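Only one chain is shown below, in structure tokens, and it's the form predicted on its own.
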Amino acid sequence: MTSSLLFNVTTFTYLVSMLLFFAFLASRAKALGTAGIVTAYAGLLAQTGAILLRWKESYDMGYGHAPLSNLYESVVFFSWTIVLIFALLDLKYKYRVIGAFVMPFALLGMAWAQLGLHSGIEPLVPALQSNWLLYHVVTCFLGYAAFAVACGISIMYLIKAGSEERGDSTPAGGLMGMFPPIRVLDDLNYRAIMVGFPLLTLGIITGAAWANYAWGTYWSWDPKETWSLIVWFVYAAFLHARFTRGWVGKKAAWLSIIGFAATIFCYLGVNLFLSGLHSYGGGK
């Protein structure tokens, strides 16, 4: 058994989970929702095993580093954190339908990693040879994952709010009846961002400490640093507007989606299209 094989199993499992959630959304059969979340849990376990196995493979090759050092490994880890945050949300709230709007993010990440990225295990570049790597990457990606879940919930909010504004007389058992009430969706969006924002803040702080260790300065306005600050300000604005101006509903949902779009550009756009100190994250 290799980590590559387990990652392929994970990708297929997430595909099945996503299709089950779509079928649940279309048919309103609770058994399909249960099957979707059980399959997602199985994929999460398989991916956890694959990540640990890849870590072991790195030691076997004499490199001995956590599997968080290149674009392939970071995309895989991002997918893992998305499913982890969704699983925790499901354990607490049991809104299975959210899986139809969150699992596609995890599947897209895994499919891209497995089909389009270089998956070889390589030695760390000097800048990555620090324990700060683990602290920085884990906190950042857990924050990113919470924002991904918030984005999926915000899309649900906009769909349901639009349906209600049009006066659609959907029966209680209809498609919109599958969605949580819009007040619940708004609250879940807020709670997800309240989880992600402090994690992103910790990620920026640990990244600054890592930068000082690697390059002798806490902040150098590298494109990645600049965009991480932009993302931080977007979500800070979300929380500030909610606390002081009472921003809820559509405004909050759109700001959550914009924030996640900025997050994706900070993570992928900067790595792939802009040069800087984080160019090693661009993959091959």
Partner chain sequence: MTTDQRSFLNSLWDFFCSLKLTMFLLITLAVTSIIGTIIPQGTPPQEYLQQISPAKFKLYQALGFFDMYHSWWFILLLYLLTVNLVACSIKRLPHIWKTITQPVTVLGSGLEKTLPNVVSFKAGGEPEALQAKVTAFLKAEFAEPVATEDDGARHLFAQKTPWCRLSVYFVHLSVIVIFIGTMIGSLFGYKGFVNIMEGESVAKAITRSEKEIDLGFSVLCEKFSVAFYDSGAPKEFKSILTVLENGKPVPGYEHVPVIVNEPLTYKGITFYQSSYGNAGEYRFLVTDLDGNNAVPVTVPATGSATLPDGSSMHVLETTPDIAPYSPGLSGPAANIEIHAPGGASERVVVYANHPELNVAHAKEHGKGPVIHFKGEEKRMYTGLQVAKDPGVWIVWLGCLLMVVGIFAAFFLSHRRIWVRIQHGTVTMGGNASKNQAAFQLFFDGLADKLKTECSGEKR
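Numbering follows the first chain given and starts at 1. Quick caveat, the model's predicted, so the values are computed rather than measured.
Not on display, but discussed next: the form predicted in complex with its partner chain.
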item	value
Residue contact check: Leu202 to its partner chain in the predicted complex, 4.5 Å heavy atom	yes
Proximity of Gly162 to its partner chain in the predicted complex, heavy atoms at 4.5 Å	no
Proximity of Trp210 to its partner chain in the predicted complex, heavy atoms at 4.5 Å	yes
Exercise: Tyr41 in contact with its partner chain in the predicted complex, heavy atom 4.5 Å	no
Contacting member of Leu117, Leu84, Leu175, Ala127, with respect to its partner chain in the predicted complex [4.5 Å, heavy atom]	Ala127
One residue of Ala237, Leu45, Ala29, Leu52 in contact with its partner chain, assessed in the predicted complex (non-hydrogen atom, 4.5 angstroms)	Ala237
Which of 219 to 227, 66 to 74, 32 to 40, 52 to 60 lines the interface with its partner chain in the predicted complex (heavy atom within 4.5 Å)	219 to 227
Candidate site Pro123, Arg191 and Met194: all three near its partner chain in the predicted complex by heavy atom within 4.5 Å	yes
